[in-house]
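As structure tokens, one chain now follows by itself in the form predicted alone.
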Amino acid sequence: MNTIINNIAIEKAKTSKINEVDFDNLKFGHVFSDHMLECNYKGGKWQTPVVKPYQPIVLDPAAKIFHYGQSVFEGMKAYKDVDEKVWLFRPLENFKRLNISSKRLAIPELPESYFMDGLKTLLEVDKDWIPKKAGSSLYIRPFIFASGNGFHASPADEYKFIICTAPSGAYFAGEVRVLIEEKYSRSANGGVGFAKAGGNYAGQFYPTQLAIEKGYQQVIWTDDNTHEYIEEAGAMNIFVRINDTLVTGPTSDRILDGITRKSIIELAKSENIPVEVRKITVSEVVEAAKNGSLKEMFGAGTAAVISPISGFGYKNEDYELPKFDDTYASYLKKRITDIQTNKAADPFGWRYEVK
């Protein structure tokens, strides 16, 4: 039976898969909730979103997503506190960035109400899928892709906006060792590095695989022109602590404006942690590692929030980072996750209650 919430039609799944799921042993992004949201763009406008049972998507072989890669996405999480209240973290930032990415790839921008009301409706329908175990969350994947057909190299005339969700346990990357890239680039000036475009990630896989074969888990991306400047860590923004100062590169055509990144910067400044947003040279990091002033390096992103780096390789030499308690990484991660899960006050207005 169909119902209506927030003016969005809902087609409920006949049966739920929830009782088949072991919520104590959830891998990241492997189990999917009962429903998804779908909204089609055709005839020059976005149609009304619909919540429907999670199911395969049927596409024509000539759909332009397969040929010209018009695809953008976001990553978000929903949390449930001890009082069963549901929370999001800065969702409007995800909406804004999705449209920034869409515009760069000539995808029609989405109305805010379709994103927010659609997301809230989907979470209301699948609220039982939001884990309550500490460290767990409901991972949310909004994405838009070209569904219109044709082999002509031009923007599609039809698109799909979909939101799928996946209950996930705590994301622990463990001891991450990284290789500073000297040949390959993630993005270039004038390119799409600042957008969350699917192709950005596809282009990372091969250089990352080469790094894995050398015994590392991830790549530190450097600038496309000189490879002298550190830019990102795998699929995450990167922070470097030199003595007591936290340093991260400025956003640009090449660097994603990460929501976790900007939250870390704002939080650190509020805690009187010295922060510098500036270009970071590889030589500066190597010299700091040699003279002992390099205290920490960590990646920042939605999945792990903060992922500490234990060491890095560069020009066939490995450098170890010191191990000590009370790191910026552990402190800032706890502060952010406590805000996200309603365990601490939110002086920034980042937390968004779904009701």
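Note that the structure is a prediction, hence the values are computed from the model and not measured. One-based numbering along the sequence shown.
Not on display, but discussed next: the form predicted together with a further copy of the same chain.
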Checklist outcome for this item: Exactly one of L321, A304, V50, L59 comes within 4.5 Å of a further copy of the same chain in the predicted bound form through a heavy atom, and that residue is L59
Checklist entry - Which of R141, R97, K262, K279 has a heavy atom within 4.5 Å of a further copy of the same chain in the predicted bound form? => result R141
Checklist entry - When a further copy of the same chain is placed as it is in the predicted bound form, which of 62-70, 287-295, 321-329, 307-315 ends up with heavy atoms within 4.5 Å of it? => result 62-70
Next on the checklist: Is it the case in the predicted bound form that L119, S252 and V275 each bring at least one heavy atom within 4.5 Å of a further copy of the same chain?
Outcome noted: no
Next on the checklist: My question is simply whether Q209 lines the interface with a further copy of the same chain in the predicted bound form - judged by any non-hydrogen atom within 4.5 Å.
Outcome noted: yes
Item to check | a further copy of the same chain contact at S187 in the predicted bound form, heavy atom, 4.5 Å | outcome: yes
Next on the checklist: in the predicted bound form, is there a heavy atom of a further copy of the same chain that lies within 4.5 Å of any heavy atom of C39, even though the partner is absent here?
Outcome noted: no
Checklist entry - Hey, in the predicted bound form, does F145 get a heavy atom within 4.5 angstroms of a further copy of the same chain? => result yes
Checklist entry - For the stretch 24-44, which residues lie within 4.5 Å of a further copy of the same chain in the predicted bound form by non-hydrogen atom distance? => result F28, G29, F32, M36
